[in-house]
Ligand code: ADP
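Given next, in structure tokens, is a single chain: the form predicted alone.
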């Protein structure tokens, strides 16, 4: 059975999935946006485990327990800061999704929820980020043996939701 992909508007911290993806900063010690929301909802144990990971490079991903979140795991990935599009931003953003999905495969995750990585304070244009996200996930799912049953693209606001929904509809 092929893996389903869905877009919806919600607070990612409320989802009952195997793994939430955190659009983290390189310290992994919390911040603003989705990163801060995930850390607040998970409780202090998440911060303690993240300290042991000693940070994360842009385009890479690391996994922790989810603690007080309704998920089992949090996959932390560090997206690129938008600098005009000529500094490997698309390749680094694609790597965030690939590395997160590799961890999902390794941990036999069946459901995963991605936020709009790099679209907040990192300034990545939403329409371009959505294309990278959806195409990268589609390619990964076609290329790798995976147990994933569903991939959610979770959008915090209506604008991002509409862009992701339109692009997913045009690419499937």
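Numbering follows the first chain given and starts at 1. As the structure is a computational prediction, the values presented were derived from the model and not from experiment.
Separately, the form predicted in complex with this ligand exists; it is not shown, and the next lines address it.
The shortest heavy atom separation between residue 149 and this ligand in the predicted complex exceeds 4.5 Å. Although the partner is absent from this view, residue 12 contacts this ligand in the predicted complex, with a non-hydrogen atom inside 4.5 angstroms. In the predicted complex, this ligand sits within 4.5 Å of a heavy atom belonging to residue 122. For residue 30, no non-hydrogen atom is located within 4.5 Å of this ligand in the predicted complex, even though that partner is not displayed. If you check this ligand in the predicted complex, you find a heavy atom from every one of 34, 116 and 156 within 4.5 Å.
In short, of 108 to 116, 135 to 143, 49 to 57, 65 to 73 it is 108 to 116 that has heavy atoms within 4.5 Å of this ligand in the predicted complex.
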